[in-house]
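In the form predicted alone, a lone chain appears below as structure tokens.
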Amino acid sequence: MALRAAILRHVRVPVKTLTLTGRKSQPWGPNGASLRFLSSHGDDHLSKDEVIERVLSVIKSFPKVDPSQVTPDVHFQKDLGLDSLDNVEIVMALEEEFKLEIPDKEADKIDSSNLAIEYIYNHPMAG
């Protein structure tokens, strides 16, 4: 899934769009050259504040969590009393929220909101 998304972000696809005047425009540059848009951490990348807000929202909505205890530095097990299965479920909810796949090796390390925020903010495919 992540590989497919990465490839699709860099493929040139001619698309006809409508301009403000209602006329069709071609996605071609000067002299008929095709335009190619690449991005990694461009305008479409999430801001740190947006990542923090969405991560905390996911954690607060977890059934076993008291939302008033959720902060950007909260530890899932030590501070919220969650077990390892709950930890896995939170990581899965974060994957769904940000439309990305977190490899098991990395997911096992995410045991606090701070680590989740850092991982997602630095992930080029988070959306």
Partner chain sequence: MSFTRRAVKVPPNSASLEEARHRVIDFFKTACRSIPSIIDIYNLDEVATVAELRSSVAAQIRKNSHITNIKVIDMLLLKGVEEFNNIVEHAKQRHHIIGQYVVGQKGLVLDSGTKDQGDSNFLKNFYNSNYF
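Treat the numbers as computed from the prediction; the structure is a model and nothing was measured. Residue numbers count along the first chain shown, from 1.
Keep in mind that the form predicted together with its partner chain is not shown, yet the notes after this line are about it.
Proximity of D49, L56 and D73 to its partner chain in the predicted bound form is absent: no residue of the three has a non-hydrogen atom within 4.5 angstroms.
Taking the partner from elsewhere, D79 is found to have every heavy atom lying beyond 4.5 Å of its partner chain in the predicted bound form.
Within this chain, E96 lines the site of its partner chain in the predicted bound form, having a heavy atom no more than 4.5 Å away.
Using a 4.5 Å cutoff between non-hydrogen atoms, I102 counts as a contact of its partner chain in the predicted bound form.
Of the heavy atoms in S84, some are within 4.5 Å of its partner chain in the predicted bound form.
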